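The chain that follows stands alone, in the form predicted alone, written as structure tokens.
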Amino acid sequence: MHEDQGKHTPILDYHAVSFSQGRMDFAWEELSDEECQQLYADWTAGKGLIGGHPLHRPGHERLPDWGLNRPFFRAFALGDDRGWNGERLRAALASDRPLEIEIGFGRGDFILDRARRHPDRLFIGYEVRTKAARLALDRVDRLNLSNLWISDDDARVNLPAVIDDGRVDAIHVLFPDPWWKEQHKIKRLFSPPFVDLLAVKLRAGALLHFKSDVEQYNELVRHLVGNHPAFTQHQPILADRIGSYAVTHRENWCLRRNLPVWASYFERKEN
């Protein structure tokens, strides 16, 4: 058992899952100016979004019935007056409570545990798989958490539309899909424009926390973030800010098989 798991009652048992180690090679090299320009152009064009652009959902201005009057939101449905979702989210974001965000929470073990440990903080979890988002929302209800909001939007669209610049105190990106194939690489979360977005949304002194079981992905993130003018290089001591936590289902799977996990911690510099 991970040393931190024993410090808090697990929300769910870590049952057997069909994870696989997958391929561990992850070829990358520093981007040329032309490649970087293309990535920014693709970002502006909305290419690579998981599930497509949320604005193109049928009925995008309305929340699904199952999400009404629950801590669930979509960027383009904040004005849906059939429920209190938009009004309450805006009020929560307007408060001075520290805000933590997890992008791609999967089953939600990490962020649900953090919301339960830190009732004084506000949490937002993004997960583009709607089924997983609904399951996490059900767990929010069962745990009677009042400080965690869930969205199934791609965070790359939702963050600019919903979260004020400099509002976020910590962002966690844990075990994102590496998108191995060359034709799928555009879907990979970490890119220069994504790091720009994180820099804008994080306040000075805030934490960016990344983990992967793919060493090369961790190296890529350290390159992209560590060389960005808004961030420090990776600093292991920043892990102390997280404190006790529940590992994700993927990390638990790796730990039980003695597979390595790589972590990186960056601080947002002063402007």
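Don't overthink the numbering: it's just position in the shown sequence, from 1. It should be emphasised that the depicted structure is a prediction, and the values quoted were computed from it without experimental measurement.
Below, we turn to the form predicted in complex with a small molecule, even though it does not appear here.
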> With the small molecule left out of view, which of D196, D165, D177, E87 would have a heavy atom within 4.5 Å of it in the predicted complex?
Replying inline: D177
>> Would all three of R203, G226 and F266 be in contact with the small molecule in the predicted complex, where contact means some heavy atom lies within 4.5 Å?
In response: no
>> Taking the small molecule as it sits in the predicted complex, is A136 near enough to touch it, meaning that at least one heavy atom pair lies within 4.5 angstroms?
In response: no
> Is G83 a contact residue for the small molecule in the predicted complex, using a 4.5 Å heavy atom cut-off?
Replying inline: no
>> Taking any heavy atom pair closer than or equal to 4.5 Å as contact, tell me whether R156 reaches the small molecule in the predicted complex.
In response: yes
>> Test of understanding: in the predicted complex, would L189 fall inside 4.5 Å of the small molecule by heavy atoms?
In response: yes
> For the chain shown here without its partner, which stretch in 32 to 40, 217 to 225, 53 to 61, 242 to 250 has non-hydrogen atoms within 4.5 angstroms of the small molecule in the predicted complex?
Replying inline: 242 to 250
